[in-house]
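What follows is a single chain, given as structure tokens, in the form predicted on its own.
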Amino acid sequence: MTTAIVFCESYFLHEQAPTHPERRERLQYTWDQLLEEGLLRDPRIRLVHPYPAPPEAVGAVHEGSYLDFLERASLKGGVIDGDTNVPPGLLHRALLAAGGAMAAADEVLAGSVTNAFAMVRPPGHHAGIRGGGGFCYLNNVAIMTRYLQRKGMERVLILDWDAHHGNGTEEIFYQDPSVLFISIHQSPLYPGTGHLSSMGTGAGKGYTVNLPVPPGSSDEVYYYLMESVIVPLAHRFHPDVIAVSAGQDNHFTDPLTSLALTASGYAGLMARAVALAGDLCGGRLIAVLEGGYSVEAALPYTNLGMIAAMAGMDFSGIREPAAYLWMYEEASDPGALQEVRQKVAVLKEQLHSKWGAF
């Protein structure tokens, strides 16, 4: 099994402010960790350079008026919302992130690798048809999905496990039965969307599946959702490729969320997704980095764990530094699983007319 990592040091250049949660250190610490571990020298890893997404790829997802705004704002700066400004030079960097996802798709489609991880920034899943927000400008995974479909991958499963609901991705595909969008996210939390009752509309009804989880949800909750909802729905949908919006702000040290995943849990979650892709679509899986703001305690280890799982490496020894483990006891809620089980029962009832019993 071979895994492509799409990355370039230009991803360090995007900066809203030195103290902003979505800052360059998110990738710098991870990159240093990968170099320290010697991962890039492993024959199971292939490093791939990104390219800027072309206008037609971006225009297949976002309206022209919004892209015109980004182009103008990128000259002198601008503002999207209270958390998301447009620094000068933004558009090129956002296009390079979207193109990084497309480059990952190219490698998988060509068969040169089994799967790929686009380790890009800025992230994208809050960017919708007409605008951005939540640190996002262009929807990298949606742009990649439409690109995959133009290349013949008709049915795409998008699994978004970022702690924040992927409202932009949901909006883009809400009426589209060719994309099964499944989101696991903390609730309540920004952006306040992603309710159980939001299941798509028109021909897309039943193809949006929201799995809101309470604060304190840990590895066991995510494993349960994978086994009880995601795997059976994926078998019914039978995708040509699986795309993962790989947010890593579910970690128990993340400063913006209240969840309790571990680095080992992330690796295990990705291993399950890789196995699912092996069962259904020839192993074709492309992960695209979304959020994750614990730059020292989490990201170097969660990224390492996910890459190891994708490449079929032993990830049993990957864990956070012991100095942070006391925070897990405070973050984890053993009662979260029971609450999630109750929500899943409701969800299955709602989806029964579309997907039957699962």
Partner chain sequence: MLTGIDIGGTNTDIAVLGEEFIAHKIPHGVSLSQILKHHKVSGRVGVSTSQPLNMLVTGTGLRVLLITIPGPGLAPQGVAVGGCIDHRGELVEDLEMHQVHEAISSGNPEAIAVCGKFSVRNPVLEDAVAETARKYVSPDRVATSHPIGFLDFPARCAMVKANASILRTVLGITQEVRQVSPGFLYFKGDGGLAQPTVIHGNPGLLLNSSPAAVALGVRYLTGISEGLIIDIGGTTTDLVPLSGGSPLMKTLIIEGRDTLVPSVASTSLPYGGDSVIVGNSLIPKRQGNARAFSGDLPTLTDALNLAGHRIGDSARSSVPAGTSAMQVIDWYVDTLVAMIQTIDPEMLIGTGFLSPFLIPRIASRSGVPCIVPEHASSANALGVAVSRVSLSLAVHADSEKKRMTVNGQVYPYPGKAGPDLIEWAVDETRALATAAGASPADVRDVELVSFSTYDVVRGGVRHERITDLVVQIPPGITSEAP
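Everything numeric here is computed off the predicted structure, so don't read it as measured data. Residue numbers count along the first chain shown, from 1.
Not pictured, yet referred to below: the form predicted together with the partner chain.
Distance criterion of 4.5 Å from any heavy atom to the partner chain in the model of the complex singles out L304 from the list L67, V48, A331, L304.
Candidate site formed by N210, V340 and K348: none of these residues places a non-hydrogen atom within 4.5 angstroms of the partner chain in the model of the complex. Shown alone here, G335 lies farther than 4.5 Å from the partner chain in the model of the complex, counting heavy atoms only.
In the model of the complex, at least one heavy atom of D32 sits within 4.5 Å of a heavy atom of the partner chain. For E63, no non-hydrogen atom is located within 4.5 Å of the partner chain in the model of the complex, even though that partner is not displayed.
A residue is said to contact a partner when one of its heavy atoms sits within 4.5 Å of a partner heavy atom; H14 fails this definition for the partner chain in the model of the complex, lying far away. Although the partner chain is not shown here, in the model of the complex the stretch 55-88 places no heavy atom of any residue within 4.5 Å of it.
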